[in-house]
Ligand SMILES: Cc1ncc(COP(=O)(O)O)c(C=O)c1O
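Shown next as structure tokens: one chain only, the form predicted alone.
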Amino acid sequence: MKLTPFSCERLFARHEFSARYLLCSSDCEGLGQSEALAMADAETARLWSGLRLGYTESQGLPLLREEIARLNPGCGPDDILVLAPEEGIFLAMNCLLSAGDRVVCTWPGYQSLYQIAESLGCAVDRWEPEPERWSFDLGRLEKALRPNTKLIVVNFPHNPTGALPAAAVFRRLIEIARRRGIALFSDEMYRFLELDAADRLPSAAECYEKAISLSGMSKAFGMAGVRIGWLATRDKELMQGLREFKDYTTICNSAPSEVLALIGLRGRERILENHLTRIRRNLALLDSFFSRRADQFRWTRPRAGTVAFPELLREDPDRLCEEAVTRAGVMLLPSSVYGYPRPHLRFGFGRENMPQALERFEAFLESQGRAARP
């Protein structure tokens, strides 16, 4: 397997830790370790204080798997495999696919979701939303399906657009897969960050016996640094294959990270409440910003998650992003990192300093003569 360079990650490698402001971050504000440990209950406090830094259980800490299973009703601890989030995509694609298979994947999106399949010799048909509303039409999906389509890959809430289908649409999607016997890989890293909790979709793993749900601590729970994610599936044969493949990747997980993840999940209501308060505040600032600058951007408000993908009306996104980071220290992502031909920028609004980053970016636009509409 020869993988194409990961465009988004290569750009972050250049600027993420040198730019003063990240206006494109996809995660929520990271928790401090002391803040996380302050949420520990008696059991997890004992686990932390008595922690031994040896090997851990390959499938994941049993208590952690029990907690994760509660997020996926109908799944038990044996239906959960704890791993690094990116590792989850890599394992699943390798276990599910062979050269010559076809895959349908939501796009634009996180490059691993389609690039690994292509590197395995699969043909990937991209399921693109209507750009005016970022709605994924099931008719387009069905037209893309072929007799040898082996897998449908979806990401809801969606990165980078913030799109989220209605529950009825999601149920129909699952029925399409079930009728044809097609496996469904569902990237649910932004689940629990719905602006309206009533819009939250169930995990695919609880709805469909051939579904695999990916989630983790990086986005909704503000603990990207622990590098803990998980796959959930009720497909016993697939789970066995995933466990066996993991023996060739990480083998097992970081012991401190698993305990920190358990603490975070048990304290998730408090964490999510804080994140959603910040997200709503920051979105209100973006609403105002894009209203002032309607001559430069077309704003489609996201329904969930921490990212949005406004259209840039008059400029080249690559040039604007390069100027913003070099002249103002503000990093944004151009649509080219997704291979997406229309001119868009990815904005992130899950960080505490987003108001300052947005203010700095607007000052940069003004200084460059990119005037707002009166």
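What you see is a predicted model; the values in this text were computed from it and never measured. Residues carry their position along the shown sequence, with the first being 1.
Same protein, other form: the form predicted in complex with the named molecule, not shown, and the subject of what follows.
Asker: Considering E86, E206, D101, D235, which brings a non-hydrogen atom within 4.5 Å of the named molecule in the predicted bound form?
Answerer: The residue from E86, E206, D101, D235 that makes the contact is E86.
Asker: Just one of R227, K150, R268, R278 has a heavy atom within 4.5 Å of the named molecule in the predicted bound form. Which one?
Answerer: Result of the distance check: R227.
Asker: Does the named molecule come within 4.5 Å of any heavy atom of M189 in the predicted bound form?
Answerer: M189: yes, in contact with the named molecule in the predicted bound form.
Asker: Contact between T161 and the named molecule in the predicted bound form at 4.5 Å, heavy atoms?
Answerer: Because no heavy atom of T161 falls inside 4.5 Å of the named molecule in the predicted bound form, the answer is no.
Asker: Hey, in the predicted bound form, does K246 get a heavy atom within 4.5 angstroms of the named molecule?
Answerer: Result no; K246 lies far from the named molecule in the predicted bound form.
Asker: Taking heavy atoms only, is L214 within 4.5 angstroms of the named molecule in the predicted bound form?
Answerer: It does: once the named molecule is placed as it appears in the predicted bound form, L214 has a heavy atom within 4.5 Å of it.
Asker: Where does the named molecule sit in the predicted bound form: which of 215-223, 194-202, 257-265, 133-141, heavy atoms within 4.5 Å?
Answerer: Every other range fails; the passing one is 215-223.
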